[in-house]
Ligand code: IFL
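So this first bit is one chain, no partners, the form predicted alone, shown in structure tokens.
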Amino acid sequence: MGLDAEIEAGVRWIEKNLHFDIDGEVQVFETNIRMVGGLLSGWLATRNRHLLDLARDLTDRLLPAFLKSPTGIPYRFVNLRTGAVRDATTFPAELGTYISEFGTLSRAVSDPRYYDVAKKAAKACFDRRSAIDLVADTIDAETGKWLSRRATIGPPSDSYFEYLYGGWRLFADADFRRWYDVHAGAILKHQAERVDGRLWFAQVDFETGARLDRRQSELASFYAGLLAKAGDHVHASDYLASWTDVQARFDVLPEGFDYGTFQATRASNELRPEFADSCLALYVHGGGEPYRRLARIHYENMKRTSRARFGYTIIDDITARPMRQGDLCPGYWWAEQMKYYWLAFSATPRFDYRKNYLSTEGKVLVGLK
């Protein structure tokens, strides 16, 4: 955005104030995508070595979650000072969303440990796929046993699929590309269905493929963008068109939606960035102007419905007229949604629109100019 003075002030504050020697636990997944990823992207943008050193220090404090696990699947929580770990019940997104950040760190500091633990965790999940190549959505990190039978592209599995592609895109690791392709083929075979001509992805039994329900989380709309990045433009555009119908129906996307009944199952809107993310991905990866226009509708509807006296807020009920606002602006609205809008609309010369990679939390790991 050209805000160099603001970046400089932020870096100075970090140098003086930020440290991770804290006797308290953090959620490993969230800390990685937000803080490790943010520090790495900041380092890539500024080449300030202190940001890279902080990213490494923080990642070292996360490592016990991986190294203390008998399977290599990380525990969900770790104490930053003591390394104590907690909660073995975890999910594909939380165990498999590390290779982009950890791999970037390994490459930056010439230490393969971070890459290796992230890859081992993703492989542990892939190796436990069913005979029809699907994974369930809950697993025990200590035993490696599945604790559910539900396969979904949405939470809590979503970013696992993103980072399989990320391992290929960032590091040309053929294992990650194969793992991504195996799952993508299974998802299209066993979960994809068309209702009233629109493409959707059902929740199914991960061993039999039997449909469990037709509910969708708004977060699942990310999958259109992932398909586009991986080269499947037909299914990418078809799936985004399905969500575009939902946007046209409600103006803003509900948190939960049943495509069988075309009704909202959760009538709130949490200012999620996934639809805007997919619009940007399809725009950048060959789709052109129609996807910027979709992003514009999303942006204008967000401004009209979420604008509050001092900023922007979630919506508690999108079906009320006028919509009933909540009282929260999530951090990811800044980190992701506003970034996707800016990149889609600004044609900024500081971003490489041909060669880029953004993490699941919108951190630019490739493409900074």
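Fair warning: this is a prediction, and the values are worked out from it, not measured in the lab. In case it trips you up, residue 1 is the first one in the sequence shown, and so on.
Omitted here: the form predicted in complex with the ligand. The next part is about that form.
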{"query": "Sole residue of L199, L219, V246, L134 within 4.5 Å of the ligand in the predicted bound form, by heavy atom", "finding": "L219"}
{"query": "Of R169, R272, H183, H190, the one that lies within 4.5 Å of the ligand in the predicted bound form (heavy atoms)", "finding": "R272"}
{"query": "Partner-proximal stretch of 36-44, 309-317, 59-67, 328-336 relative to the ligand in the predicted bound form, 4.5 angstroms, heavy atom", "finding": "328-336"}
{"query": "Partner contacts in the predicted bound form for 351-367 (non-hydrogen atom within 4.5 angstroms of the ligand)", "finding": "T360, E361"}
